[in-house]
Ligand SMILES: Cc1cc2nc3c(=O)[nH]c(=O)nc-3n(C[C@H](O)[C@H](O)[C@H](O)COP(=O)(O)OP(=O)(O)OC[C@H]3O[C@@H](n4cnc5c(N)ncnc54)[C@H](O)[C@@H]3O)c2cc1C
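First, one chain by itself in structure tokens, the form predicted alone.
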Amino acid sequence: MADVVIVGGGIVGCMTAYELSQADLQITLLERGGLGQEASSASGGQLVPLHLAADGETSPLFEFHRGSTYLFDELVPALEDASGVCMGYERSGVLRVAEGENEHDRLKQTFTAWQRNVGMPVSWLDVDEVHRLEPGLGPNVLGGIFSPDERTLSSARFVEALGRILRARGVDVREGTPATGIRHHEQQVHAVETPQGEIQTPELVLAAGAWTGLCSQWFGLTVPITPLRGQMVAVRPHTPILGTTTVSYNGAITPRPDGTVTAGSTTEDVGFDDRTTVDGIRGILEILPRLVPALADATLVRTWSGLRPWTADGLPVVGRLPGWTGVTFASGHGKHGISGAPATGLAVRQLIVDGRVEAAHDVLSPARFVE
């Protein structure tokens, strides 16, 4: 018996369990593989809400992620103290760069719109300023936008910290345990089914990432969340040559505290195929020396991939399922599950514990997929 069963042990599921466990509830967390092994492992760990205002316009989705990003300032020290895991949290900002004249003009237009609309500090760097900030950038970089309020952290360590804390709090974390269905009566959940037997519960949270669309069929509907593969690489330069996470229109490069540089990523519609491929990795590796020429001589450390949960309309699905009692969705964040996890976990806690129906924005509700 559990007060709440959470299906999915990625960063969103773990963050939701963390929030609910603070309310003295008995939580069972089911994960088909290992904690954080899918979309969370494919994340570059970039907390970049401005990605969600790329056209210069704000939206509820941008506001959701901007607010969630600022929650990390208090969340990270609390998690590190409780877990003993250093999460590599860096508040050094993000640099977006333009390669060539066409990208320069496009990025400058975005900067003008951001100055007017987004409510986050941004500054334009001309060609000399951008190379003073990052001397290792290639000669084709002609300008950039620096956003000091965006951040990075290690997504793997984020999940590791949460996993340690959840177990210490008595959360029943079951890795290698997929949820296979539900038992219900008159649209009230009574139990979640697994290969090891059912778990009785009045509350179910679906945070199953790319598998959420399949799980939604338990309720007689299909929420259009599908997997998109993201491949990543890590390299080790011979000497430190980049100090700031640098994003171009073709990819992102992030320096890590351990001296490595991670880069990515692809967005591939290949179903549930989570392989790394020669073509995918080659495309990422081609970006590295173009942006930072010295990275052509870096040592390749590893490659990996994960399946990100993408929703048909590009919005995550966060909220209560209409017509059902005890069913909450928390999925579909695409590339931005890391940045959206704190706000999502908090919203689910407010929905379940406090009964605050307004805790999640209406545009994110699963109601939009219910006929």
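None of these values were measured; they are calculated from a predicted model. Each residue number is its position in the shown sequence, starting from 1.
Form predicted in complex with this ligand: not shown, discussed below.
- Note on the interface: of 210-218, 107-115, 90-98, 130-138, the segment with non-hydrogen atoms within 4.5 angstroms of this ligand in the model of the complex is 210-218.
- This ligand in the model of the complex is not approached by Val348, whose heavy atoms all lie more than 4.5 angstroms from it.
- In the model of the complex, Val318 stays away from this ligand, with no heavy atom inside 4.5 Å.
- Looking at Ile253, you'd find every heavy atom of it more than 4.5 angstroms from this ligand in the model of the complex.
- Gly306 belongs to the set of residues with a heavy atom inside 4.5 Å of this ligand in the model of the complex.
- Checked against this ligand in the model of the complex, the residues Val223, Ile165, Ala179, Leu295 give one hit for a heavy atom within 4.5 Å, which is Ala179.
- Of the residues given (Ala161, Met232, Val189, Leu75), Met232 alone sits with a heavy atom within 4.5 Å of this ligand in the model of the complex.
- For the partner-free chain shown, Val7, Gly8, Gly9, Gly10, Ile11, Val12, Gly13 of 1-23 come within 4.5 angstroms of this ligand in the model of the complex, judged by any non-hydrogen atom.
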